[in-house]
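The chain below stands alone and is given as structure tokens, in the form predicted on its own.
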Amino acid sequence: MSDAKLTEVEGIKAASRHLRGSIASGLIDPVTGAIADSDTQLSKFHGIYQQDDRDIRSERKRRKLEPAFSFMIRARIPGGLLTTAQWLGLDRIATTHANQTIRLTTRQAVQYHGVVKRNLKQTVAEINQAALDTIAACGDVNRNVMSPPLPALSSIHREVQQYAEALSEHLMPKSRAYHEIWLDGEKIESSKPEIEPIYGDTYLPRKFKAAFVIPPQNDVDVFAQDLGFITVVKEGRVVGFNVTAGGGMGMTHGETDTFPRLGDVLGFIAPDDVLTVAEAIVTVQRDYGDRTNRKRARLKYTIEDHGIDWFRSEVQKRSGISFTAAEDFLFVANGDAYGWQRDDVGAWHYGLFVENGRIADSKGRRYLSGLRAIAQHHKSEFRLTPNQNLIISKVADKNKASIDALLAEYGIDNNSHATPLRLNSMACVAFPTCGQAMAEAERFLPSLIDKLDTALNQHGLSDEAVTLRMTGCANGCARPYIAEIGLVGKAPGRYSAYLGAGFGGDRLSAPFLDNANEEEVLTALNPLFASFAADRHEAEHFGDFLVRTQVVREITAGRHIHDR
């Protein structure tokens, strides 16, 4: 690798003056709705992606117009915790500067679409006015740190939320570029060079994702993360964490040296060692990750190429902390809990299903207006989940009925439209804004679920929970490779189908169909539903059934996903 040429992005980062580039001057250039190509890479570190409307791209090209450029802005929200006052601030931004929607992400964050360049700086400033920021929501750094979405459910959840917030702060880039560009912060002149103590001048080779989880729920899909902390609880207190490393979902169609991978368990550490071990893992990836090929630049490939024993040894050497044997744990599901739950101090929490995370007013379901009304009425907290849903938190007994009434008034209560299959589904944005999309996802999945629900009903499986995830490309943003049914876009109207993942997010799915259209997917799945209904073992999940009956093979390691 030492003789190979570094990627273009590595050169951009090196020359960026710690993520400044020419972003500031590009924002005031009136000639184009875009920013410079090099700045599109740097803007990601500031939580911003340049996009264009692909629905009208060809028409604009025919008319000799530049693409209809706009920007996606993502806020960083560790553990998905928001006050309802912050939510109202985010709502105002959506209706003032974006496309009248808020998109809940699969990392417990929010993102806006359709922000034009002239409004970009003001939008970021208003996000900061809501006591949030967009720093490191994207880019080659640690991104939003995930945590179980209901920390108020117990003291354990509340404690783990604090660890997530601490890790997010610890791994934050230290460059002042964000404050200078977006918030008109003072430009500090100094004879001493600006230092990134953890990341160095060129940051990480690729994005990095971290999460905390509390068994038996694997709602954050911990094995899909570069870095994971599995909470170990004894006698009602957190005694430490099992550390996982090397997970990641993305791959590239047709390139067999790329693949999804589940993280390995490194061992057990004490709570006080979390930040030290995390920093050591990040710096190993900083120094050994592949900077010559971005398709193989994630931590999962560093571990795959060097071996887990080498990696564990390197982390121990850098941290000065020795892992002990992992503690036992068990995961039973990787979805969300819906409806009302009561916590250990008597407050209520409502798990609200939001199809594909899109907060909008449409089709009789007025999520945007409804959540605005609830936030105005209920001055407490909202919590975003890892599955693109939202929890209305800390509701007192006396207010529970009024929340129910508002949910019904705006047509967004779970009972009005959500089947078990739909409740366990999610999709990435894909068309029209994502530049990587090869096929539809968010706009197509709801109608596909209608048809799959019909098939399940025919076989007496209407109450069966099956995880279903769809992405518009192989990057896997909605984590399709750990869904019992994963559909990955390959071309317009065509998908690769992966089946047989574990319901707890602890086993990868296996290839089943390639380049299939909707009819072919439905035709293939219908007899599998019939067999499942007739021959399943008691309490057996669909993915487990498919592996047991050898409909698909068990994938024991991500590198085997391409085996024939």
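Throughout, we count residues from 1 along the sequence that is shown. Everything numeric here is computed off the predicted structure, so don't read it as measured data.
Just so it is clear, the following notes concern the form predicted in complex with ligand SRM, a form of the same protein that is not shown.
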Within 4.5 Å, heavy atoms only, which of Ser393, Thr106, Thr231, Thr302 is in contact with ligand SRM in the predicted bound form?
Thr106
Answer option from Pro148, Gly248, Gly486, Pro205, heavy atom within 4.5 Å of ligand SRM in the predicted bound form:
Gly248
From the candidate stretches 336-344, 276-284, 161-169, 72-80, select the single one in contact with ligand SRM in the predicted bound form, where contact means a heavy atom within 4.5 Å.
72-80
4.5 angstroms heavy atom contact with ligand SRM in the predicted bound form for Thr467:
no
Can any non-hydrogen atom of Leu262 be found within 4.5 angstroms of ligand SRM in the predicted bound form?
no
Any of the heavy atoms of Gln376 lying within 4.5 Å of ligand SRM in the predicted bound form?
no
Touches ligand SRM in the predicted bound form: Pro173 (any heavy atom, 4.5 Å)
no
Would you give me the residues of 263-302 that have any heavy atom within 4.5 Å of ligand SRM in the predicted bound form, in order from first to last?
Arg298
